[in-house]
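We begin with a single chain expressed as structure tokens, specifically the form predicted on its own.
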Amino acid sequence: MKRRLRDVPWAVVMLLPSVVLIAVWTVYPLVKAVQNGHLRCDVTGTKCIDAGWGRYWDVFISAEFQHALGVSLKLMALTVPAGLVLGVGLAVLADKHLRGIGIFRTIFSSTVATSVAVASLVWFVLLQPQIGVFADLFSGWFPVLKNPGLLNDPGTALLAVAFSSIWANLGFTFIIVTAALQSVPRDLYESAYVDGAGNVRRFTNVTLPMIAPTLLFVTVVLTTRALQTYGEIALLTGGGPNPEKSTTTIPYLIYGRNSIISGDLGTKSAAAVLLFVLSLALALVQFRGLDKRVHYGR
């Protein structure tokens, strides 16, 4: 017991740098945002008054925030299931002991080293109606690729952004799921094969249960990333096409250069806090709802 007490000062010294960084870069900004969320500012954003906690409800029910919330939820619905299925599918395909399979693993995981800016620029060029490869190859079947272009059409702009986001996150999902697959004991597959289980049954009865904790983790991460999508929106559509603003997500509403609340500190802070609460609530729901179906090998 005395030895443990003697280790406490060293533990404090070791933890202090991390505690300071978390306090300065996470806790303080969050507290400040909560305080600023009480403010109601004029059109110039210079004169603000403290409107109390009711300000959060006012922002939540506002037309701008409700529209951005709907767009964010649509983007989440487009990207999370598709990204998870594609990532798992590629990981299963690459989980083979074949000559040259490492090349495919490198290709599948390459997007993890691609920044949002680079990924968005690639898709911006590919989807351009004048010079884009997709417009030249497929405009005969899909005229919208040429006129007005996927990024310029209110009905397809969000879908195009979702493609970019899925592609950018695919490498992350592939790497995490591949690591989980390699940790599954091979004797389980051999036992299932001896019992007469085919590929589909081995996947559903062995693979999925064993990698379920990883899938839960990836689902939560992809959901959080979808709700925080900003870079793709800013670079590909700028929150447009206008006037529909069909790609104005909550992050773009907060930080976007063309956002209608760009000069309102109070509203932006309240929206940021609401986004944090929404992300936390969805993560908790996912953990509580899916955790009962997850096997941790205990």
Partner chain sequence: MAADTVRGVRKVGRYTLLVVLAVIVLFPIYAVVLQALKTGPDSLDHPRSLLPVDLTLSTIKAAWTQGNLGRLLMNSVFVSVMVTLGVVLTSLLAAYAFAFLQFPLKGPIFVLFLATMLVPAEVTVVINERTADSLGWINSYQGLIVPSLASTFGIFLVRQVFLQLPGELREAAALDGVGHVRFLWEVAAPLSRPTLGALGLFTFLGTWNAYLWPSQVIRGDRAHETVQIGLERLKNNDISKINLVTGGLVVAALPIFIMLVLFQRQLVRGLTAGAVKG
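Note that the coordinates shown come from a computational prediction; the quantities given were computed from them, not determined experimentally. Each form is matched to the other, and the largest set of C-alpha atoms that superpose within 1.5 Å is called the rigid core. Residue numbers count along the first chain shown, from 1.
Although it is not shown, the form predicted together with its partner chain is what the next lines describe.
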Which of 169 to 177, 68 to 76, 203 to 211, 184 to 192 lines the interface with its partner chain in the model of the complex (heavy atom within 4.5 Å): 169 to 177
Would you please decide whether T26 lies within 4.5 angstroms of its partner chain in the model of the complex, comparing each non-hydrogen atom pair? yes
Is there a non-hydrogen atom of L265 within 4.5 angstroms of a non-hydrogen atom of its partner chain in the model of the complex? yes
Although its partner chain is absent from this view, report whether V85 comes within 4.5 Å of it in the model of the complex, heavy atoms only. no
Heavy atom to heavy atom, is S62 within 4.5 Å of its partner chain in the model of the complex? no
Relative to its partner chain in the model of the complex, which residues of 200 to 219 have a heavy atom no more than 4.5 Å away? F217
Just checking, between this form and the one not shown and with the core aligned, does V277 shift 2 Å or more at the CA? no
